[in-house]
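First, one chain by itself in structure tokens, the form predicted alone.
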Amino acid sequence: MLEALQYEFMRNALIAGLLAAVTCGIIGCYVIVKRMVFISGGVSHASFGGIGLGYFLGITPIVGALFFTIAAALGMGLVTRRAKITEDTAIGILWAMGMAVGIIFIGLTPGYPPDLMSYLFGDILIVPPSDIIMMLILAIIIILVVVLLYKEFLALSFDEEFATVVGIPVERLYFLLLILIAFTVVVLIRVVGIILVIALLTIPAATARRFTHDLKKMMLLSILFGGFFTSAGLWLSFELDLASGATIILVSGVTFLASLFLSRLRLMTGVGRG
């Protein structure tokens, strides 16, 4: 890995991966605990509409994704909370519409967008410094909001009824959490792509939950796992000439499955000794 870091693009990739580990490690825990995996997947795929809008308007696609993803997250939140249709139906419709809008805008844009595949499947090796700066700003915002509202988010995650009774503005906090998820999705797009965002958003937190149910400890473990997944996946993709985003996800998935196996083995060993 040290040999690879002599290249600037690898140093940029490692920084982007670590920023992604921090954001997905924190927000991913809320996604897992509050069981918001499907809505997070909807937000991530709807962000493709923002990518297409960015190309069409001639602005940085990641900026277009940021505003479109926030709008999609709030839209999904409103529909799932207030519309008289099931949550999975609403998210599925908005998910498909976001992807469709992206395809339409890309089709209307003259020429062919050369790095479109990097947004779909991720290419951490070509992350420019401007995107790293945006990722850093979003990560700082996420950390500050979670630190300031930790107790409120804790109540929201585990017992909404109790939170409402004690006077916590549950609905506003819920929408704020959706915005933070949107921020995290934008951070992860450049690392693993829209298609694989949901995996990196959930696997580190799900792995951390195998070891603790304390939210603070879970976040810390999730960040550490995310850092390991992105660093190891980045190194393997460099050494073996593999797609970086897919390699990061495979490392994540294999580690999670290994944690399940070890937990099962420990349980069986304990039962045998008893």
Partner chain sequence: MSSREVVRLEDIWAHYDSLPVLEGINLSIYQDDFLGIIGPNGGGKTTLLKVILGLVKPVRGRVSVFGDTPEKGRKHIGYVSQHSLFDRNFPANVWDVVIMGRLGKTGPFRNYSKQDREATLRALEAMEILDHKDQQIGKLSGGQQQRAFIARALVTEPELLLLDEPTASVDTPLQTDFYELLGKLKERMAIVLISHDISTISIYVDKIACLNRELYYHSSKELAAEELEAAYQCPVEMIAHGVPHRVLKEH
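All values derive from a computational prediction rather than experimental measurement. Numbering follows the first chain given and starts at 1.
As for the form predicted in complex with its partner chain, it is not shown, yet the points below apply to it.
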- Option from 228-236, 241-249, 36-44, 214-222 whose residues, in the predicted bound form, bring a heavy atom within 4.5 Å of its partner chain: 214-222
- Message: So in the predicted bound form, is its partner chain close enough to Phe158 to count as touching (4.5 Å, heavy atoms)?
- Response: yes
- Message: Is it the case that Leu154, even though its partner is missing from this view, gets within 4.5 Å of its partner chain in the predicted bound form, heavy atoms only?
- Response: yes
- Using the partner position in the predicted bound form, report whether Phe162 sits within 4.5 Å of its partner chain, counting heavy atoms only. yes
- Message: Although the partner isn't part of this model, could you tell me whether Ala100 comes within 4.5 Å of its partner chain in the predicted bound form, counting any heavy atom of the residue?
- Response: no
- Checking Leu108, Leu148, Ile85, Ile133 against its partner chain in the predicted bound form, the residue with a non-hydrogen atom inside 4.5 angstroms turns out to be Leu148
- Item | Contacting member of Ile137, Leu78, Ile168, Leu125, with respect to its partner chain in the predicted bound form [4.5 Å, heavy atom] | Ile168
